[in-house]
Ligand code: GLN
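Just the one chain here, the form predicted on its own, laid out as structure tokens.
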């Protein structure tokens, strides 16, 4: 197995462009070989130990394991985050959620309290903490394994103004200490019926707990988030959530029915409805 053979093996599952990008990432991150090095054929200069490592990595990738899990990390909002099969791999769309949250916070003074529900790897909470060093950030998740990854990311990136807590936000009891100015979340929102459309490397490897909601109640997490907002948000505080683009209308209506105002939906880089923002009305 060599670099070019890896691309050929990955192409049926990913397409040629993404297969090449994955192979390039491995060669750069694991062996320090740039695209220029690869064009010059320097992948043939790997030592015997490096070749053994490459073979192991290639076998995992060909078996369908996402490259981020193979490497053990990914990049998000300019930072390197540890990831494991207990957390979702952060996506570029979620960086837009962070940017919108930062913009809201900076428009109201950065010394706010923000709550990140379903925090997973902590990529949102930690990115907010680093962008808003005067803010207090709280990350919440039901998974102890995910929280372990989130805490490690906070430690590695020296995000001192973020804390993590275990809680099931669906049980109706969660309420943070003190008032919150902002709630952000990328909750589970993929309907079970949509699973058949998903790539095998996502479906077979990423945690279903963080992905799926039942078809008969796909808005359950948004309903819980809206209720938590009523229990914790300060007047004119905001909720910012990533949404299933197929459910933009019903999710928007849910927040309106719950009494939130200024409900708006922003499209992601692919033109799909992706980020919903709404505001708690002034008392």
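Computed from a predicted structure; not experimentally measured. Positions refer to the first chain, counted from 1.
We do not show the form predicted together with glutamine, though everything after this point is about it.
J.: Consider the chain as shown here, without its partner, and state which of 77, 159, 131, 211 has a heavy atom within 4.5 Å of glutamine in the model of the complex.
T.: Among 77, 159, 131, 211, a heavy atom within 4.5 Å of glutamine in the model of the complex occurs only for 211.
J.: Scan 147, 169, 135, 88 and let me know which has any heavy atom within 4.5 Å of glutamine in the model of the complex.
T.: That would be 88.
J.: Could you confirm whether residue 106 comes within 4.5 Å of glutamine in the model of the complex, counting heavy atoms only?
T.: No - in the model of the complex, heavy atoms of residue 106 and glutamine never come within 4.5 Å of each other.
J.: Taking glutamine as it sits in the model of the complex, is residue 204 near enough to touch it, meaning that at least one heavy atom pair lies within 4.5 angstroms?
T.: Residue-level check for residue 204: no, no contact with glutamine.
J.: Using heavy atoms and a 4.5 Å limit, would one call residue 112 a contact residue for glutamine in the model of the complex?
T.: Although glutamine is absent here, residue 112 would stay clear of it in the model of the complex, with no heavy atoms inside 4.5 Å.
J.: Is there a heavy atom of residue 82 lying 4.5 Å or less from a heavy atom of glutamine in the model of the complex?
T.: Flag for residue 82 set to no.
J.: To test your reading of this chain, name the stretch in 175-183, 68-76, 150-158, 90-98 whose heavy atoms come within 4.5 Å of glutamine in the model of the complex.
T.: Partner-contacting stretch among the options: 90-98.
J.: Sequence order please: the residues of 223-242 with a heavy atom within 4.5 Å of glutamine in the model of the complex.
T.: Just 242.
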